[in-house]
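Only one chain comes next, encoded as structure tokens, the form predicted alone.
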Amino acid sequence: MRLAVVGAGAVGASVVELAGEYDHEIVALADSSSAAVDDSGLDAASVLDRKRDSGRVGDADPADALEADYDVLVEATPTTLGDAEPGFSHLRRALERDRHVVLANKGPVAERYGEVRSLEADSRGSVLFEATVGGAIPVLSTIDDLNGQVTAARGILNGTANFILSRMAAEGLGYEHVLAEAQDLGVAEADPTFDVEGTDAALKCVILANVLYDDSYALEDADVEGIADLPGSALELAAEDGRTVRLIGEVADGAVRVGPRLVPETDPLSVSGTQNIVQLETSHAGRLNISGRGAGGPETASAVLADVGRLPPLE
């Protein structure tokens, strides 16, 4: 497949770097201020070196990448709330051109799912978005493979929050101390709000709800509580009872909920560090646990490229 990648952060750069190993060709790459476009194929190393050295991927306008001769648009710009722009407009333009779209950006399918499906229905292109839930973990493809059997989903879907809670529980440290440690290690952003308030996990659960119920849930439909106000004493008390606290997202009975929950220390949901885990409740196969790395450039890029491999050739 010929790929145009919009977004040159950790995920987009990793897609460009790894695409050749999957026998795909990069014909365009755009960052927020520039683009490199070559219908005969870009040299991945040269483009990424230029980005590292100058902060720009090329001399073209970012909009030129959307008009390149590609089969699949990989949308890897940062997730935005509300109108999900500019990711939604990028997706719409690709579908209007009858091209496929693979999303790493959660916004379009977390905030405008119904519109995405409507645009897809009018296009010869398809939209896939495995990378939006759980990074490298094949959550959405597993749900698709189970063909309607999945009745509910829950799990730990934010590595930053899980790292903080794991450290608080293991070392008896306070939230602010562990947050500063996570920021020093690069596990938490300088502004960790998106992670610690539960927004990131909620967006992923909203996407799961849209897939499970074929509906148009958005962030406003989720009941969300974060971990910033969780006292260290709560984890100490939990430990005395053989339990711990994790930020759990759940999609069940038509509702989306995210918040700190008590979990037995021996439960599969008590994964530590930045690990993610998703439990799927099924009609005939019982409970399935899928765990792994829920973030990271190469990890998330592997999910993007797996989606590209699932797409049919364009007619």
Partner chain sequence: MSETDARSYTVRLELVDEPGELLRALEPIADNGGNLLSIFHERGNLTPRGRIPVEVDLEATPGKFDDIVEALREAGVNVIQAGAERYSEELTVVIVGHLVETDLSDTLQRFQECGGASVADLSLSAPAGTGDVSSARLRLVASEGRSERALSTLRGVAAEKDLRVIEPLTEGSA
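Numbering follows the first chain given and starts at 1. Every value quoted in this text rests on a predicted model; they were computed, and no experiment measured them.
Omitted from view is the form predicted in complex with the partner chain, to which the following refers.
K.L.:
Which listed residue (27, 263, 48, 60) meets the criterion of a heavy atom within 4.5 Å of the partner chain in the predicted bound form?
P.N.:
Of the listed residues, the single hit is 263.
K.L.:
Using a 4.5 Å heavy atom cut-off, which residue among 92, 112, 167, 243 comes into contact with the partner chain in the predicted bound form?
P.N.:
None of the others qualify; the residue that does is 243.
K.L.:
If contact means any heavy atom within 4.5 Å, which of 204-212, 97-105, 234-242, 186-194 contacts the partner chain in the predicted bound form?
P.N.:
After filtering at 4.5 Å, what remains is 234-242.
K.L.:
Although the partner chain is absent from this view, report whether residue 171 comes within 4.5 Å of it in the predicted bound form, heavy atoms only.
P.N.:
Residue 171: no contact with the partner chain in the predicted bound form.
K.L.:
Although the partner chain is absent from this view, report whether residue 56 comes within 4.5 Å of it in the predicted bound form, heavy atoms only.
P.N.:
Looking in the predicted bound form, residue contacts with the partner chain do not include residue 56, since no heavy atom lies within 4.5 Å.
K.L.:
Find out whether any non-hydrogen atom of residue 86 is located within 4.5 angstroms of the partner chain in the predicted bound form, and reply yes or no.
P.N.:
No, residue 86 is distant from the partner.
K.L.:
Indicate whether residue 81 is a 4.5 Å heavy atom neighbour of the partner chain in the predicted bound form.
P.N.:
So residue 81 does not count as contacting the partner chain.
K.L.:
Can you name the residues of 242-261 that have a heavy atom within 4.5 Å of the partner chain in the predicted bound form?
P.N.:
In sequence order, 243, 245, 248, 250, 252, 253, 255, 257, 260, 261 come within 4.5 Å of the partner.
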